[in-house]
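Read the single chain below, which is given as C-alpha cells and is the form predicted on its own.
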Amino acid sequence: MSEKKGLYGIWLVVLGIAILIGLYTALKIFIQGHGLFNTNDVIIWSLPLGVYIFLALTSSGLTLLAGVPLVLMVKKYEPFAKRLVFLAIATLLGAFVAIGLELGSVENMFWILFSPNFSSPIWWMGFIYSVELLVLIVKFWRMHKGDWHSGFSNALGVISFLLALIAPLMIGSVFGITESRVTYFGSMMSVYSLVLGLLSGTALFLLYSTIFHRVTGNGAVERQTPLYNEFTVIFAYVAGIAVVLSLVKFAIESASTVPEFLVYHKFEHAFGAWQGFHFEVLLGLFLPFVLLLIPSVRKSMGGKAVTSALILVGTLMMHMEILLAGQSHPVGPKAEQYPAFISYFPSIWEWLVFVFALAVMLLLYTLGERYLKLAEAPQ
C-alpha cells in the first residue's frame, strides 16, 4: 500500500509540473500570439488543432459507448457507464484546452462563441461540443446522485448520444465542404471522422481500463473479463470498418489524376510511406486490426493494451496527416511564392500545448477515480 501511495504521489507531482508548464505556455501564447507556432500563410492549422480533433472525436466515441447501457439499455454494461461518461467529459475538456490555445487569445475564444455564424460548420462544431459537454456534466451529476434512469436522466442520455453522433459529422464537414482543397472535399470526411472517433474512444477505454486495473490491483478486470472481451470484439469490428474506409480512400486518391492528389502523395509525412500507404496507417490501423483477428491476442490483457495504444497513436497521426496534407499544396496567389508543397514540423510551444491538454485530461481521470466512485452501477 505504501508503495502504491508513493507512486500515486509521484504521478500527481508529474501531472502538477506538466500543468504548471502548460499554464506558462498558455500565458506565453496569449501574450505573443500565433507567431509561436510553425505556421505560415499556407499551413494555418497545426498540431494543437489536430490534438483538438483527436480528443474531441475520442470523447464522442466514449459517449457513444456510454449510450450502449444508458440509451440502448444493455444492462450488463452498466458497470462501465459512469466511468465512460466521466472519461468523455475529461477528454473533451482536454480538447477544449488544445483548441483554446490554438485560437491564440482569450478574445478569439470569446467571440467565436458569442458571435454566431449559423452558416459556418466551424461555429456549429464548437456549439455542439459545448452543449454536449454541458449535457454530459449534468448527466454525470445525476448518475453520481443515484438517478440513472428517471425521465430526466434518460433524456440527458439520449441527447448526449445524439450530439455525439452529430458532432463528428460536423467536424468532418468542416473539411468536407472545402471545395478549394480537393483532398478534403466530399461527404466521406464526415463518415470517416465518425468511425475514427468511435475507434479511438473504444481504444482509450480499453487501454485506460487495462492500466487502471493493473495499477490498482483490485481484481475487477478478472471478474469483468467477458465484458471486456465483448468490448474488444466491438473494437475489432470498428477497426475493420476503418480499414475498409481507408482502403476506399486510398483507391480514390490513387485513381485520381487531379494535381492536388498527385502533390498529396509527395507530401513529406512524418513517418514516411510504403507503396503509397503511410506508415501511421499501416502501424496504427492495419497492424492492430490484424492482431485483433487473432483470438489469443484479442482476449489477453496485454493484447488489448498493445492494440489500443497502437490505434490511439495511429488515429492521432492519421488526423494530422489529413490536416496537414490538405494544406500542403499552396493555391491561388500563394502558389506563386511557395514551393509545390510545404513541409511542417511542430514548434516546442505546439508540443507543450499537446502536453498541457493531456495533463489536464489525465489529472481529471486521476481525481475522478479517487473521489467520484466511477465503478458505481445502479442498484
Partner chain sequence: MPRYAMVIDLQRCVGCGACSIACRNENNVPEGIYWSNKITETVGTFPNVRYHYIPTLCNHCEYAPCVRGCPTKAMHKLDNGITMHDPKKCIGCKYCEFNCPYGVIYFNWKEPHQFWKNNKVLFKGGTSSPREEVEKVGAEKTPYFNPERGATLPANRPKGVVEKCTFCDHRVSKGLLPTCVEACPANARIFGDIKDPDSDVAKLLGKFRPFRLREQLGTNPHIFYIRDFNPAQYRPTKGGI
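Every value quoted in this text rests on a predicted model; they were computed, and no experiment measured them. Numbering follows the first chain given and starts at 1.
One more form of this protein exists, namely the form predicted together with its partner chain; it is left out here, but the text below deals with it.
Undergrad: Just one of Leu103, Ala305, Val71, Leu245 has a heavy atom within 4.5 angstroms of its partner chain in the model of the complex, so which one?
TA: Residue within 4.5 Å of the partner: Leu103.
Undergrad: Of the residues Phe212, Phe185, Trp123, Trp148, which one places a heavy atom within 4.5 Å of its partner chain in the model of the complex?
TA: It is Trp123.
Undergrad: Can you tell me whether Leu291 touches its partner chain? I mean in the model of the complex, with a 4.5 angstroms heavy atom cut-off.
TA: Although its partner chain is absent here, Leu291 would stay clear of it in the model of the complex, with no heavy atoms inside 4.5 Å.
Undergrad: In the model of the complex, does Gly33 come within 4.5 Å of its partner chain, counting heavy atoms only?
TA: The answer is yes: Gly33 has a heavy atom within 4.5 Å of its partner chain.
Undergrad: If we define contact as a non-hydrogen atom of the residue within 4.5 angstroms of the partner, is Ser180 a contact of its partner chain in the model of the complex?
TA: Although its partner chain is absent here, Ser180 would touch it in the model of the complex, with heavy atoms inside 4.5 Å.
Undergrad: Is there a heavy atom of Trp45 no more than 4.5 Å from a heavy atom of its partner chain in the model of the complex?
TA: Output for Trp45 is yes: heavy atoms within 4.5 Å of its partner chain.
Undergrad: Based on heavy atom distances of at most 4.5 Å to its partner chain in the model of the complex, which listed stretch, 157-165, 139-147, 95-103, 74-82, is the contact stretch?
TA: Residues of 95-103 come within 4.5 Å of the partner.
Undergrad: Select from 229-247 the residues with a non-hydrogen atom within 4.5 Å of its partner chain in the model of the complex and write them out in sequence order.
TA: None of them.
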